[in-house]
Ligand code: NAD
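What follows is one chain in C-alpha cells, specifically the form predicted alone.
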C-alpha cells in the first residue's frame, strides 16, 4: 500500500496490507479482550482517566499531527491546525467528562407489580471504518464513544490516508490502555469488509463512507445480523433567501462547498438562491471563487489544496463534463489549473455551474469535489421542494434574517442537520447523522454515545407475598 502526498504525487510511506488470516487474528484478540480482558471491567472513573489521557496526548502532538494530516490528505495546514486536530482532542475530552451521566441507570415502578431497571452496557467488539476526508477527526468521534462505552475496538483507516491513525494508535498505547482494547488494521476495503461483516464475533460496525460501500456492508452483514451505524453520502442544499446579508451568505457558501476541496459529506453542493438576488449573488460568488488560492497543503497561504488522489480528481472531471453535456453552464473553473508549480499534485480549480435543473446528474449525484451548483427559486415552498428533491438527507443550511421563516423552513427540510445562518458547526453536545440514503445512526452527543451501547431491561417482581400472576397460570 503506497501512501501518496496529494500536493506533490510523491510516495510518503509504504505499508504491508494485512491478510485475511491476520485480520481474523485481530478479531480474536479484540474478542478476547472484551470477553476476558480488563477494559470493559474497569470502573467508570478509571475509564475516564484513560480517555482524558488520549485527548491530552493528541494536544501534546498537535503540530506533528497537523503536518501528518496535511501531508496525507492534501488539505491546507490551516484547516488541520485550527480545526481537525483541536476538534479531535475535544471529542475525547467531552466524552470523558460526560459519559458517566449517559450511563446512569433508570428505575421504573410498574403499579406495584414489578420494578424495571434499565441498564446500558457495552455492545462488545466495535469495528470503526474511517473515511479519507477527515481521517483523524472521524476516528476520534467514533473512538471516544466506543471506548467510553466499554467496547473493544478494531480501527480501520482508509488505505489512502492511514498515517494519522497510526500516530493515534501510538498515543493510545502511551496512554496505557490494556492490550486488545484498540486494534489497528491496515487492509484493503474488500478483504477487511468481508472478514468483519461475516464474522459473528463482531457486534457493531460503524461506517463512514460512500453509499456504494455502505450498501455492500448492509448486504454482507445480513448473514451475521449485527448492529450498524451508517454515515453515507450527501447532496446538501443551502437556501439563500432575498433578505440574507449578501456578503455573509456568499462567503459562507464558498466555505460550505470549497472547504477541504469540497470533499465533505456535508458540502452544500446545491446552492439555491432566491430569484431577486440571484444575479448579484452569482456575480459575487464567482468572483470570489476565482480568487481562492490553490497551493500545497503545507503552505499557510493556501486556501484550497489538492484532491486526495488522481482517481478522485478523475471522478470530478467526469462529473463536470457530464453536467456541461446535460446543459449546465460553466461559470468558472472546471479544469486542472495551468500553474506549472501545481502540475505534480492532484489539483482542480474551484468550479461553479449555473442553469442547473433537478433532472441533471450534477443536481442529484454526489461529486465529492469542489463543484458548486447554482439554482434559483421564487418562493419558500419552491426552495423547500428543491432542497428535498434528493435521495440524500444529511444536512442543509438556511440564510435569512427572518427567524420565523428560518424555523418554518427548517421544520420542512428532510435532513438530519439544518444550520440557520451558519454552516459546518459541529458540537460534541449535539448528535450528527442523516436521513434517507445518507444513512442511519448518530455520532456525537448523548445519542451518538448511546449508539455504542445496548439497553438491558432487568425486571424484578414486586407482587404481594411474592406470588406473581405467572405462578397461578396452571394452578398446580
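Bear in mind the structure is a predicted one, so any value in this text is a computation, not a measurement. Numbering follows the first chain given and starts at 1.
One more form of this protein exists, namely the form predicted together with the named molecule; it is left out here, but the text below deals with it.
In terms of contact with the named molecule in the predicted bound form, the residue from 159, 81, 97, 115 that brings a heavy atom within 4.5 Å is 159. Note on contacts: among 213, 103, 166, 332, the single residue with a heavy atom within 4.5 Å of the named molecule in the predicted bound form is 213.
At the 4.5 Å threshold, heavy atoms of residue 234 reach the named molecule in the predicted bound form.
A residue is said to contact a partner when one of its heavy atoms sits within 4.5 Å of a partner heavy atom; residue 34 fails this definition for the named molecule in the predicted bound form, lying far away. The named molecule is not drawn, but in the predicted bound form it has no heavy atom within 4.5 Å of residue 285.
For the chain shown alone, residue 252 is not a contact residue for the named molecule in the predicted bound form, no non-hydrogen atom being within 4.5 angstroms. Comparing 173-181, 128-136, 104-112, 332-340 against the named molecule in the predicted bound form, the single stretch with non-hydrogen atoms within 4.5 angstroms of it is 128-136. Candidate site formed by 241, 406 and 415: none of these residues places a non-hydrogen atom within 4.5 angstroms of the named molecule in the predicted bound form. Looking at 196-220, the residues that come within 4.5 Å of the named molecule in the predicted bound form, counting any heavy atom, are 207, 208, 209, 210, 213, 216, 217.
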